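Shown next as structure tokens: one chain only, the form predicted on its own.
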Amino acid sequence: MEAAVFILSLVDCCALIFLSVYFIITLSDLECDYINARACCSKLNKWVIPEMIGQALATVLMLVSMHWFVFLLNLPVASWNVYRYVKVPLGNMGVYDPTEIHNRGQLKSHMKEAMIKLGFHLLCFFIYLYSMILALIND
């Protein structure tokens, strides 16, 4: 059972790593003016809810399987994703809004956030991989 939890978490983490890389590539395309702000924000907003669900799935899996350290490691990122989604101002297109993405350095902060999430998901990937191997050896 424990190995199955970590295998599922590992697959989920791979999907989240892919999404983080996609966010970084799309934001860097906007930064270099390869795509316009509306197309960029439309692409990114489409993946905000799946990212939130993926992170919540990993967090709930660790809670249910009683891996407290990994649960507490995932909780702030899952909470941040929910907070970001809930705090979208009325009238905005979504978390990424084309009218505001170039204002007040939001593009840089979105890029920094995507990089931090990528680092976090890579760290979680290796934690899940180590835990999965340990669970398979112990069974």
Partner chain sequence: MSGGGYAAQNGAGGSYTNGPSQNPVGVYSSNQGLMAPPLTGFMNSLTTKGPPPPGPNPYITGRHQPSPVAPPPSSWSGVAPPPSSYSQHPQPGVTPPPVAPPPSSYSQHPQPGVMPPPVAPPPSSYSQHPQPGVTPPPVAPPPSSYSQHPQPGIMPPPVAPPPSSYSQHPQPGVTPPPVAPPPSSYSQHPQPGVMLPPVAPPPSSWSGVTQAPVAPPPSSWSGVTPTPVAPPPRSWSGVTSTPVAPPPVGNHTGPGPYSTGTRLPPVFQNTMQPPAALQQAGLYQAQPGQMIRPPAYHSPSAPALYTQVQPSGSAAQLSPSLAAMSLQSQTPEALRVVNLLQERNILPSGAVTPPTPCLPQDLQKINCCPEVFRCTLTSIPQTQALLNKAKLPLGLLLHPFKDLSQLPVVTSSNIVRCRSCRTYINPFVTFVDARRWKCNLCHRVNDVPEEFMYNPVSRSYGAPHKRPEVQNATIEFIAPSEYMLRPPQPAVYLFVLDVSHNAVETGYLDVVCQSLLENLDSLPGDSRTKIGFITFDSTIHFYNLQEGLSQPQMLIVSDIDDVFLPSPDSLLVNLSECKELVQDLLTGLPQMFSSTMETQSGLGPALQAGFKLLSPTGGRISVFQTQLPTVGIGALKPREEPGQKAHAKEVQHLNPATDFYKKLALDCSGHHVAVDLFLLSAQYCDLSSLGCISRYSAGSVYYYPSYHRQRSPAQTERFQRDLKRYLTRKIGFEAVMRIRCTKGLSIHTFHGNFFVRSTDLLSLANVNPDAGFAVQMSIEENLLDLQAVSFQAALLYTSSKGERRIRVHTLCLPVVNSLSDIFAGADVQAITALLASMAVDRSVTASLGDARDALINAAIDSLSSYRSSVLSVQQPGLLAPACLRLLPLYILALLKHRAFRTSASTRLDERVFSMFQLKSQPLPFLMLTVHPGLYRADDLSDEGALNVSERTIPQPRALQLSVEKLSRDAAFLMDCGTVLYLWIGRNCNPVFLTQVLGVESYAAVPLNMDQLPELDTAESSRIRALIDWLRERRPFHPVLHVIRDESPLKAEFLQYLIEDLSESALSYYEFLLHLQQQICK
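What you see is a predicted model; the values in this text were computed from it and never measured. Numbering follows the first chain given and starts at 1.
Only in words, not in the display: the form predicted in complex with the partner chain, which the text now covers.
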{"item": "One stretch from 48-56, 109-117, 64-72, 85-93 that, in the model of the complex, holds residues within 4.5 Å of the partner chain by heavy atom", "value": "85-93"}
{"item": "Non-hydrogen atom contact Ala37 with the partner chain in the model of the complex at 4.5 angstroms", "value": "yes"}
{"item": "Pro76 within 4.5 Å of the partner chain in the model of the complex, heavy atoms", "value": "no"}
{"item": "Residues of stretch 95-111 in contact with the partner chain in the model of the complex (4.5 Å, non-hydrogen atom)", "value": "Asp97, Pro98, Thr99, Glu100, His102, Asn103, Arg104, Gly105, Lys108"}
